[in-house]
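In structure tokens, the next block holds one chain alone, the form predicted alone.
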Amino acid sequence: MRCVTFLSRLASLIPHARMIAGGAGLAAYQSDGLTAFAVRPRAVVLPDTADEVIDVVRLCHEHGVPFVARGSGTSLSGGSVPVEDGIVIGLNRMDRILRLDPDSRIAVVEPGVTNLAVTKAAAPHGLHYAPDPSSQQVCTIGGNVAFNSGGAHCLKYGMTTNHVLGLKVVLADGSVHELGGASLESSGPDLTGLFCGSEGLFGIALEITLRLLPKAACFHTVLAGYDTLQKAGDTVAAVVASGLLPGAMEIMDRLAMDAAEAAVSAEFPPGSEACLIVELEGTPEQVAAERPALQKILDCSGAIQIRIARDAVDRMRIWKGRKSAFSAVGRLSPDFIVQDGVVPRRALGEALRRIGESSKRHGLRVANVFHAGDGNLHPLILYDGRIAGELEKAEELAGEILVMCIEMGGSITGEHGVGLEKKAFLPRMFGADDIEAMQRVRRLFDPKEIANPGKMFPGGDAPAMQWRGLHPLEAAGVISRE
């Protein structure tokens, strides 16, 4: 009866055409980009406005029904997998750019706006949105905020949190708050930064104020081929140590290059086992001054081939090849796990060597594609789920990579989040007191723990906290209610 009551009330908030409560329609929402995890939700709603989202969250809070906010479902850690007996709040219809102010260099967008759409809208004004995940054509700003996404150019420009100035959010208790604002200057606790990367455990972003940057006037893009991955990794450390700050530095191994080449024909260096993409950007004078220094490093790095992008078209072909690598690997294997860990740049060469050894030991191929500039590894572990035991071997190999990252002083995630996939590894990186502090913060925003429960934290969460009257953060003057 309780389920019927909840669903009937939910149906009164969302039109029938934008609610899925049974049948095959739920299948599209039971998993995200990490298809090893799948849960069938009780229902899916597709709100069209912020008010509809708020009404649905308040209903979930009243009935104690868990919910998961979802954009395009490109999460690679199981972060947007539904919760059993819970609902999915799909935000793709909320895809409006509410305001674009080229003078102030800001854009205010709804959570369903795609990453690339922001740059396209800003381009006529000579501006762009800097974070550029490989899935930027389809991934949404709301999802980028939830997982603090980065991309190829995060070395120079930083992650999503560095470009989100303000948020209008509905917390899991249904209260609506403004975090941050439209200014680069702020005072008090950085709750906007706290919300970025919270993986949907606090609530849902309804409006996001983004910082826009001027487009670079000049680019110099170089492909360098190496006979080993370790040499490519060591070159990254040499470039950073020199004081140069390229716009991007990316590495692909032979397996990833072959897949991307078949899809895009980007002319990656033939006969090489690894390819380093380095891109300088800035004013023509700045790029001209940095080119000789970069060339000197590459000449001394043991590269077996160096190729400079011929023109803008060639440059875009190179980047299309790099950004299509994840999907292109599907040509090589029916299934794969995309891992996401971070090691210090000085340890890149050693990390790649150890991944190669683990690959041979498990008898599974690994295609390496990663943001070399900040040590963010994205090894793609290839397996065939139709073969008994292969998924388990792939997961074991993925776990070994995460443990290696921790041992080297890195992190279990760079931008894909913890989600379901990595929560068992959180205690290896943080102590019990650290994790409990994280959980206390989570419960301040979500006292009933209904916002994306079961993610990030290992095992069962601690009992929910309750209060009456003002929200504790509101009473402390940290957040303001709309």
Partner chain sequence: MSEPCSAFSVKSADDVSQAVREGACVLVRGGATKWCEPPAPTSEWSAGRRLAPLLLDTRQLSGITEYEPDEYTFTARAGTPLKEIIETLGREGQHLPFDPLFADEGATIGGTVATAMNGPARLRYGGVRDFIIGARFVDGEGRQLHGGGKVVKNAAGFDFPKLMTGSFGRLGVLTEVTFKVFPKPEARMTVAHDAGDLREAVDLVCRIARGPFDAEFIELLPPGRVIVGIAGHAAALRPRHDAMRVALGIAFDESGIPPAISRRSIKVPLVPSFVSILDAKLASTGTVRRYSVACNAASIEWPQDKSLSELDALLASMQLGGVALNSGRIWLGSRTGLDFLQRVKTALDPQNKLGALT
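Remember, it's a predicted structure, so these values are computed and weren't measured experimentally. Numbering follows the first chain given and starts at 1.
If you look for the form predicted in complex with its partner chain, you will not find it shown, but the lines that follow are about it.
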**Request:** Report the stretch among 272-280, 391-399, 342-350, 297-305 that approaches its partner chain in the predicted bound form to within 4.5 Å, counting heavy atoms only.
**Result:** 342-350
**Asked** Which one, 332, 138, 98, 194, lies within 4.5 Å of its partner chain in the predicted bound form by heavy atoms?
**Response** 194
**Message:** Quick check on this chain: which one of 404, 108, 382, 240 has a heavy atom within 4.5 Å of its partner chain in the predicted bound form?
**Reply:** 240
**Request:** Considering only heavy atoms, tell me if residue 317 and its partner chain come within 4.5 Å of each other in the predicted bound form.
**Result:** no
**Message:** If we define contact as a non-hydrogen atom of the residue within 4.5 angstroms of the partner, is residue 199 a contact of its partner chain in the predicted bound form?
**Reply:** yes
**Asked** How about residue 131: is it within 4.5 Å of its partner chain in the predicted bound form, going by heavy atoms?
**Response** no
**Prompt:** At the 4.5 Å heavy atom threshold, is residue 434 in contact with its partner chain in the predicted bound form?
**Reply:** yes
**Message:** Taking a heavy atom within 4.5 Å as contact, would all three of 104, 161 and 187 count as contacting its partner chain in the predicted bound form?
**Reply:** yes
**Asked** Out of 207-235, which residues reach within 4.5 Å of its partner chain in the predicted bound form, heavy atoms considered?
**Response** 211, 214, 215, 217
